[in-house]
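Only one chain is shown below, in structure tokens, and it's the form predicted alone.
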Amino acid sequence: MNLQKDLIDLLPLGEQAVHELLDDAAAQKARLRQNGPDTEFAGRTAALYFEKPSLRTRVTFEVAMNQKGGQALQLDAGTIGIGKRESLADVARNLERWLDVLVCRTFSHELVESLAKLARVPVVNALTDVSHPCQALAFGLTAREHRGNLEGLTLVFVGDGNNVARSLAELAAFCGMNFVLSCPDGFELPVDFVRQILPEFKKRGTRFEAVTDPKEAVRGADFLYSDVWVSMGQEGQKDQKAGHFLPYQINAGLLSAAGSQALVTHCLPAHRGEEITDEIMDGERCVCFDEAENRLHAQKAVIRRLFRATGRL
């Protein structure tokens, strides 16, 4: 088994590792329900370095460590002062002496990559402006629970080609799903990423495409996925984006166009009345809170894998 030290993106992991993480996430969920908390992470410490606000990510990583017998602590970005009070390398060399895993939510993707290179302990990308692999794994577990085998299913991301869309595309490729991005012109996923991911879809005979018309894009979809139109740190673009994205709201009309088989989810937090309506969020076909719950179990699987990779389990 090829175990990498860090989780920065799903693409470098490969298909086998993604399936193993989903299998273990399901096992962790079943184990908790049957036996309650355990002590597998006893004596282990996770630190959460967050430059952006967080509810689900912070709570689920802390609870994951606590339920497995470990502990978690929050690092205040302003107090740590990476690159201000001391160099990134010196911060990494200190943290690796005390911690067993470093969980980072940052604006800069390069910062997380640099910490992973510098620190001897595992580093987890808990969201950057580029990607959000933990969210994609939680979706994968949720989709398996609701649909079983993911091969041949179609996931349509409706909205901006952002960090969540990128990670979902990576997950879809490895799980044999079709991935469709429906967004206005100019808001697609980066061209270099598309060139990188396309061979993974072609290898499995599945499709990756961008479709401007949302009603055309969602026709026959198994899952519609939504996210805020303006990501954290990009609030200045709200007025600019609003006019472009109004047709991309997930509402009763768009869900009807998808068909009766379609389920809806959202990475949260949701701006109700913008990218998704109350009627859909609170409806029986929305599984976003199942996905939020599954963040906990997916993150346990991630930590377990990285602890094994570094001899901590």
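Throughout, we count residues from 1 along the sequence that is shown. Please read these numbers as outputs of a predicted model, since none were measured by experiment.
One more form of this protein, predicted together with phosphoric acid mono(formamide)ester (CP), exists but is not displayed; see below.
Report task. Can you check 29-37, 46-54, 65-73, 278-286 and let me know which stretch has heavy atoms within 4.5 Å of phosphoric acid mono(formamide)ester (CP) in the predicted bound form? Result -> Among the listed stretches, the partner-contacting one is 46-54.
Query raised in the report: What is the one choice in Gly253, Pro269, Gly273, Gly259 with a heavy atom within 4.5 Å of phosphoric acid mono(formamide)ester (CP) in the predicted bound form?
Result: It is Pro269.
**Report entry** Close approach of Arg166 to phosphoric acid mono(formamide)ester (CP) in the predicted bound form, 4.5 Å, heavy atom
**Finding:** So Arg166 does not count as contacting phosphoric acid mono(formamide)ester (CP).
Query raised in the report: Do Arg295 and phosphoric acid mono(formamide)ester (CP) come within 4.5 Å of each other in the predicted bound form, heavy atoms counted?
Result: It does: once phosphoric acid mono(formamide)ester (CP) is placed as it appears in the predicted bound form, Arg295 has a heavy atom within 4.5 Å of it.
Query raised in the report: Are any of the heavy atoms in Asn125 no more than 4.5 Å from a heavy atom of phosphoric acid mono(formamide)ester (CP) in the predicted bound form?
Result: Residue-level check for Asn125: no, no contact with phosphoric acid mono(formamide)ester (CP).
Requested in this report: Residue by residue through 85-118, tell me which have a non-hydrogen atom within 4.5 angstroms of phosphoric acid mono(formamide)ester (CP) in the predicted bound form.
Outcome: Residue within 4.5 Å: Arg105 only.
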